[in-house]
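Take a look at this one chain, the form predicted alone, written out in structure tokens.
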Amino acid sequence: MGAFQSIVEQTGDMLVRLSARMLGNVTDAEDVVQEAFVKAYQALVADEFDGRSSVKTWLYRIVTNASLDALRKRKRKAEVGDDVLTDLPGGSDAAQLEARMALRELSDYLDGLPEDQRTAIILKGVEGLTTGEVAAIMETTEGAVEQRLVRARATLRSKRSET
């Protein structure tokens, strides 16, 4: 239990950030990550973690899939409200306002992308994971990830030129 608590402390913030970028909402992201940690703990207790990837990559995959499931359940465009980042610890009001605006802008740009392209661009371009890590999380090949990134970037460039 102590080892798992250490994993939660080391990865919690980055996983909430990932999910928030996918969902466009920190509150929903916190719920998704909490559920993901429960699934991960149950899998570890049941000895279902096979060690083919790092624990970090495995947790990214769980949170990515849980975030995609949450998006599918919504069946509507994710809306970023003014209260999106109100529960984030620390930071000044100006910093929180800036973070809110950045999350809203990111969400607006990414809303038009297909789910697989959105996931790839967030994991690679925003979270800074390697192509290999993204491929492991998305359970696909590195070539498929690269193709999704090319398509996503082309779509984002055309979107930017329209504005």
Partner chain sequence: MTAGDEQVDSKLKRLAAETESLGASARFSSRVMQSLPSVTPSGIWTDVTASARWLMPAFALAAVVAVVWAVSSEELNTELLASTETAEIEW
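Just so it is clear, the model here is predicted, and its values are computed rather than measured. Numbering follows the first chain given and starts at 1.
Form predicted in complex with the partner chain: not shown, discussed below.
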Is there a heavy atom of Gly132 no more than 4.5 Å from a heavy atom of the partner chain in the model of the complex?
no
Going by a heavy atom distance of 4.5 Å, is Gly125 a contact of the partner chain in the model of the complex?
yes
Does the partner chain come within 4.5 Å of any heavy atom of Asp31 in the model of the complex?
yes
Interface membership of Leu59, the partner chain in the model of the complex, 4.5 Å heavy atom rule
no
To test your reading of this chain, name the stretch in 65 to 73, 133 to 141, 36 to 44, 49 to 57 whose heavy atoms come within 4.5 Å of the partner chain in the model of the complex.
36 to 44
Heavy atom contacts to the partner chain in the model of the complex at 4.5 Å, residues of 1 to 36 in sequence order:
Met1, Phe4, Gln5, Val8, Glu9, Gly12, Asp13, Val16, Arg17, Arg21, Val26, Glu30, Asp31, Val33, Gln34
